[in-house]
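Encoded as C-alpha cells, the following chain is the form predicted alone, with no partner shown.
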Amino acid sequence: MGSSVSHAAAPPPPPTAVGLAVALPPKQDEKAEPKNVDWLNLPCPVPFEEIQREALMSLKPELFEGLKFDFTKGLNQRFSLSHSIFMGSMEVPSQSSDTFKVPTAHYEFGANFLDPKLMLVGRVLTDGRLNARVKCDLTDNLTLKINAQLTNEPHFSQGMFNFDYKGTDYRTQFQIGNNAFYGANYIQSISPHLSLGTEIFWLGHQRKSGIGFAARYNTDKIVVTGQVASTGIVALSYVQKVSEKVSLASDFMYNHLTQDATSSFGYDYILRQCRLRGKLDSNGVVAAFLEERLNMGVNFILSAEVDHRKKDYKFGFGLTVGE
C-alpha cells in the first residue's frame, strides 16, 4: 500500500497581492512592547536656573539699539583678549509712559581664560564698571561660580557666590550674595521626561523671603515648563521642535500683585549661513534678531524691535570678529 500522504491534495497557493497592496509595507503589530524604565538610573535634569533655556533662546534674544563691534583675539588655546565698542542710546526711567533716551557710547576691554576645570572672564568699561566671572570645578560634581560687578556709584556694586552640586538624577544650588541675600534650589528627575524643583530665598536688608516651585517636561520634540512663586509670579512656557533647524516657542506670565498678564510667541530658525530669531507679544512689541555668518569667524548682526503702543523703535547692527 502506498502512503496516503502522497495522494493528499496540495494546499492552494496564497493569493497574489494586487493594486496598492504591493506598495504598502506589511502591517506591524499595533501593540508595541513598552520600554522598561530604570527608575534607579534616571537622567540628570537641567539646572534650576536654566529650566526655560529653550524658550529664552527664541523669546529673549540679545536685542540692542545702535552700533556694536566685537573683536576677539586668541593668544593661545586657553587665553584670549576681547575688544568691544558700542554707540547707541540708553533709556532713562521716568514716571510718565513716554520713553526718554540719551545717547551713550563706551569701550570695553576683556580678558578670558578657558580651561576644562577653570574659567576666568573679566570686562572693564570706560564708564568705570568692572565685571568678573569665575567658574571652577572643585570636584567632578561640585562647581563654584562667582559673579561680581563693581561700579563707581555707591550701593550699586553686586556680588554673588554659587555652589552647584550635580548628582546622578538631581541638582542642587546654594547662593550667597551682597545685601544679605541667601538662596537655595533643588531639582529632581521624577521620570525620564519629567523633573520637579523648588527654590527659596531670603533678602536680609529688605526683610523679604520667598519660595517657588517648578516643573519641566521634555521629549525629543517638545519642552513644557511651569513655575509659580510666593511673590505672585506664574510663568508657563512651551517649545515645539518642528525640525532640527526650526523651533517655535510661546510663554505666558502673570503677576498676581500687579494683575498684569503677558504672553508672547517666538521662533528660532537656523539656516546654513545664518540664524533668525523673533517674537511677538501681547503688548504689541515685535522683535527680530539676525546673525549672518559672512566668513570664518566673521558674523554680521541685525537687531530690530518695534513697540507700537509706546511708539518706540529700536534698530541696531553690529559685527563680530573672532571666535
Partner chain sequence: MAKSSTSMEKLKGFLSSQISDEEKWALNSKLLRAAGLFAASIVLMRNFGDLMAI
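Residue numbers count along the first chain shown, from 1. Predicted, not measured: the structure shown is a model, and the values here were computed from it.
Beyond what is shown, the protein has a form predicted in complex with its partner chain; the following relates to that form.
Asker: Looking at 274, 261, 286, 67 here, can you tell me which has any non-hydrogen atom within 4.5 angstroms of its partner chain in the predicted complex?
Answerer: Only one listed residue qualifies here, and that residue is 261.
Asker: Report the stretch among 163 to 171, 202 to 210, 186 to 194, 242 to 250 that approaches its partner chain in the predicted complex to within 4.5 Å, counting heavy atoms only.
Answerer: Of the options, only 242 to 250 has residues within 4.5 Å of the partner.
Asker: Please tell me whether the candidate spot formed by 85, 298 and 317 is one where all three residues come within 4.5 Å of its partner chain in the predicted complex (heavy atoms).
Answerer: Checked in the predicted complex: no contact with its partner chain for any of the three.
Asker: With a cut-off of 4.5 Å between heavy atoms, is residue 236 one of the residues that contacts its partner chain in the predicted complex?
Answerer: Result yes; residue 236 sits at the interface with its partner chain in the predicted complex.
Asker: May I ask you to state whether residue 222 is within 4.5 Å of its partner chain in the predicted complex, using heavy atom distances?
Answerer: Residue-level check for residue 222: yes, a contact with its partner chain.
Asker: Might residue 280 be said to contact its partner chain in the predicted complex, defining contact as any heavy atom within 4.5 Å?
Answerer: It does: once its partner chain is placed as it appears in the predicted complex, residue 280 has a heavy atom within 4.5 Å of it.
Asker: Is there any non-hydrogen atom of residue 311 lying within 4.5 Å of its partner chain in the predicted complex?
Answerer: Result no; residue 311 lies far from its partner chain in the predicted complex.
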